[in-house]
Structure formats: C-alpha cells, structure tokens
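Single chain ahead, written as structure tokens, the form predicted on its own.
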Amino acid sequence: MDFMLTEEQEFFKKTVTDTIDRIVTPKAQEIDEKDEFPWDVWKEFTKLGYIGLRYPEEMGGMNADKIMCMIFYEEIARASVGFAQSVIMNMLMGTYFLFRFGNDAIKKRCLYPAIRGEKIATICFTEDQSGSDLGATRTTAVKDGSGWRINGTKMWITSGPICDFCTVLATTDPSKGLKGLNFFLVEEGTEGFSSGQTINKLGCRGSVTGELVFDNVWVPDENLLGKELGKGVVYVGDILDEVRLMTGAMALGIAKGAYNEALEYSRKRIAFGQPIAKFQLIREKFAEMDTLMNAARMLLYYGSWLLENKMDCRIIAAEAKILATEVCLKVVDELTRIYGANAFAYEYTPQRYFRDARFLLYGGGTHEVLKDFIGRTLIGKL
C-alpha cells in the first residue's frame, strides 16, 4: 500500500495552493458579502488553465489524474466555496457531456472556450419537484423535423443566470421514466431560452444560482448529447462517482479552512490569563477534528484511486461524500464554539464556513438517498 503523492502531484498541490492563496483567498470575504459573480477573479484565475485540468492537452487541458483533481477541488473550496462552485461547474458537469458526445463544431464553439474560461457552462438537472428523483423530470423534448422542441423549467442551476450554454436533462418519453431521459445542448441566444428568478442563497454566495426557462426551444439533432435515446440516466451514472468524490473534496476544503481558522484563533485568544489553546477541552476539539478529517481524507483518496484505476467505487464514493460532509459540519461547528460569540458576527469568517458547509449536504445526492443506495447495494436483492 502506497499513501504517498507522486512528485508531480506534490508539485501540483504546492502550485495550486500558492495560486489560490494569491488570487482567490484575499477576495473570499468580498465575494461572499457582495454575492455577485466575481468577473475580475474569474478572468485572472481562468487564464492559468486550471478549468481544463481533467481534459486532454490537445484541447487546452492538463490531462490530470483523479488524485490531482481532488487536490484542486479541496484547495479551491478551502478559499471560497462560492467561487469554487462556478469553476468546478465549468470543469466537470457543465462540459462533460459536450466532451463525450459533442461533434467537432460543438466542441470548437462551446467546449474549448469553456475550458479557457471564455464561456460559462452549466448543467440542468433539478426542477421544482425533482432533485434526486430524476425519474420525475417534467422538462420534455419532442422530435420536430431535424431537431427537438424543448419545454420546461429548471431550478437551482449553478451559473444559470450568466451561462453561455447549458446541458439540459429532458424526457423524450415520459411514460418510460428513467429510461426516457436524454441530454441536450442549449446555447444563449436560442429563441425561447431565458433566465428566470435568481435565488438568494444562505451560503455559496458569489456563485450565481437561479432558474432557467425553456419555452418551445428548438435545437438541431446534433445537440442531442448521447448515442442512443433513453440512455441519459446511464450517462449520468458514468460521472456520478466523480461528482460525489468531488463534493467530498470540497467538504474537506471547507473543513481545512475552518480548522486553520480555529487553530490560529485559539493561539491568540486570551482568556483567564492564557491562550485558550492551552485549555484541555479546546485541545480535545483539535484532536477530534484532526482525527475525523484524516479519516475522511483517506476514504476520499482511496475512492479517487479506485476511480483512476477504473475499479468499482460506487459505494466508496457515496460513503466518502457522506463522511467528508458530516466531518465538515462537525469542524465548522467546533470553529464557531472556539470563536464564541464572535462567530455570530459577520465581520469574522466562522459564519461563512458555517453557512457554506450546509450546501454540501445536497450536492452529489442527499445523505438519505445515498445511505439508502449503500444499504440496498450491500444487502442485495431480497
């Protein structure tokens, strides 16, 4: 068993950490307070090429392995979850189906500019009545001549109000449930495609989230992203493990940032004539936090190793997402306790970590859904 990062991975981690601390970290509080998409940070950061991290070099990417991707997700979430949400959407879900199924024209028009950060990409799963229950999708795509007519409304779309294109999950046959789902590319400027309400969120602020409306939108046949009709849910399954591991990595990033904040504060906060870090009950908190974070990280990176080596990691990925997120919630809660009443003030950072951590309970699947999946898989058919 080898728990060491390679020299390349170690160098990458140091470079990414230094870059994020230079460009993103100083703007994190401002991004949260303004709750506006930080175009200045986006332009400075994306020109460095990280959005293409997981894509081939010939496309302008870095052809990084899954471990390097997890390192990146963790580090950028440590600095600003709001900014991380937008970056990772372009890196992963917003461009994945174009990379896999788009023709050369689509890749040149949409994928390559998105990898360079010149276009904003997103994916549209959620509707007002369907989140984890994809079979309840109501957005329809009906064959119309040499293309498809799309109707429906999507909610909770990361970067939705500012996207240049989106990958839309729609049903081509509602009677088939999950077996009737397909993905379609819809670009800004297409007649009938518009942005609806913007959601004012508790956390992950700076990542603009909202509603997208498809009112009799027509797209050509080439915009059907998939080789066969009704295989949309299968294609989702091909990337789902990576999404869950990515969400766990983001949770670890928040936990790491919160832990570092707590450590620094406990060393300088004086109570009863000494730094509070000298009190046994405070030291106990750090022992517990560090233990839990290390356990979650081991599971997460084990899952990433399985994924990189094309081995079955469905259960491990789900377990890693659950554990990392619950550990994150524990760490940010302890941060607020160590800060005391100051944690309740907006001028201090604990409240931001506390708010941001909640969102990861839902991304990549709710823990109730994931636990049911794990249990069913372990028990098998009865």
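Quantities reported herein were computed from a predicted structural model and do not represent experimental measurements. All residue numbers are counted from 1 along the displayed sequence.
The same protein also has a form predicted together with a small molecule, omitted here; what follows describes it.
A.B. asks: Based on heavy atom distances of at most 4.5 Å to the small molecule in the model of the complex, which listed stretch, 189-197, 294-302, 149-157, 111-119, is the contact stretch?
C.D. replies: Of the options given, it is 149-157.
A.B. asks: May I ask whether Gly131, Phe359 and Glu368 all come within 4.5 angstroms of the small molecule in the model of the complex, judged by heavy atoms?
C.D. replies: The answer is yes; Gly131, Phe359 and Glu368 each reach the small molecule.
A.B. asks: Would Thr172 count as a contact of the small molecule in the model of the complex, using a 4.5 angstroms cut-off between non-hydrogen atoms?
C.D. replies: Thr172: no, not in contact with the small molecule in the model of the complex.
A.B. asks: Taking heavy atoms only, is Thr209 within 4.5 angstroms of the small molecule in the model of the complex?
C.D. replies: Looking in the model of the complex, residue contacts with the small molecule include Thr209, since a heavy atom lies within 4.5 Å.
A.B. asks: Taking the small molecule as it sits in the model of the complex, is Ala258 in contact with it (heavy atom to heavy atom, 4.5 Å or less)?
C.D. replies: Because no heavy atom of Ala258 falls inside 4.5 Å of the small molecule in the model of the complex, the answer is no.
A.B. asks: Indicate whether Phe125 is a 4.5 Å heavy atom neighbour of the small molecule in the model of the complex.
C.D. replies: Phe125: contacts the small molecule in the model of the complex.
A.B. asks: Out of Lys201, Lys179, Arg100, Lys107, which one falls within 4.5 Å of the small molecule in the model of the complex, going by heavy atoms?
C.D. replies: Going through each option in turn, the one that passes is Lys201.
A.B. asks: Only one of Gln85, Thr137, Asn223, Ser266 comes within 4.5 Å of the small molecule in the model of the complex by heavy atoms, so just point that one out.
C.D. replies: Checked against the cut-off, the match is Gln85.
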